[in-house]
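Just one chain is shown here, as structure tokens, and it is the form predicted on its own.
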């Protein structure tokens, strides 16, 4: 079934909703939805419902909601703190993080990250990334849209992670592997911060600040991963150990 998000709607059985203007053309002209077709409607906040198309025109597509569906959300609350990277790589990271069940994405400014320029171009990038989150969430059947937060500086992030589980891959860490963190019991809060450095890596001073904030600095093995690869790989590892990527259902 085709999957759509609606904004500012309270989804209840038996009610009718209208597809957004952004989805209307795709639903009517590309997918050619017609009366009687089944679709899925989500509010992006955790609720997804099966629905039946009752009206399909170029001006309006109406869906009657039938029943609530099981949530496709991970039991973990992963916040990906990703240092800014070159070009469109951040877009790829946003899409993959959404598919892997990340709840929040925080762009991070570090000493070696790509600087952000406040401009019309940056506003367009933000809208593009929000659209990528929406399309990726629909593709993988998520009922909750990840939050794309404002850009953080490292000092602000260090304050937020205090008392939380935070994992920081760093190529210069030689003593502690990620397994040593993930073989421990999952935190009761189910909250995990994954902090990924830029293409040039974190500086020693930044690592010291993260250690003081209580972060776990870990090694990922003998190969140096690109920033966008590390974000995807470590998210998958965390979901496999503590989340739902193992396919075994809710962890104990």
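Just so we're clear, the structure is a prediction, and the values are computed from it rather than from any experiment. Positions refer to the first chain, counted from 1.
The discussion below concerns the form predicted together with a small molecule, not included here.
Although the small molecule is omitted here, in the model of the complex all of 169, 196 and 199 have a heavy atom within 4.5 Å of it. For the options 209, 220, 191, 52, the residue carrying a heavy atom within 4.5 angstroms of the small molecule in the model of the complex is 220. Scanning 32, 60, 226, 67 against the small molecule in the model of the complex with a 4.5 Å heavy atom cut-off leaves one residue, 226. Contact annotation: residue 233 falls outside 4.5 Å of the small molecule in the model of the complex, judged by heavy atom distances.
Per the 4.5 Å heavy atom criterion, the small molecule in the model of the complex is contacted by stretch 200 to 208, the sole one of 200 to 208, 182 to 190, 40 to 48, 24 to 32.
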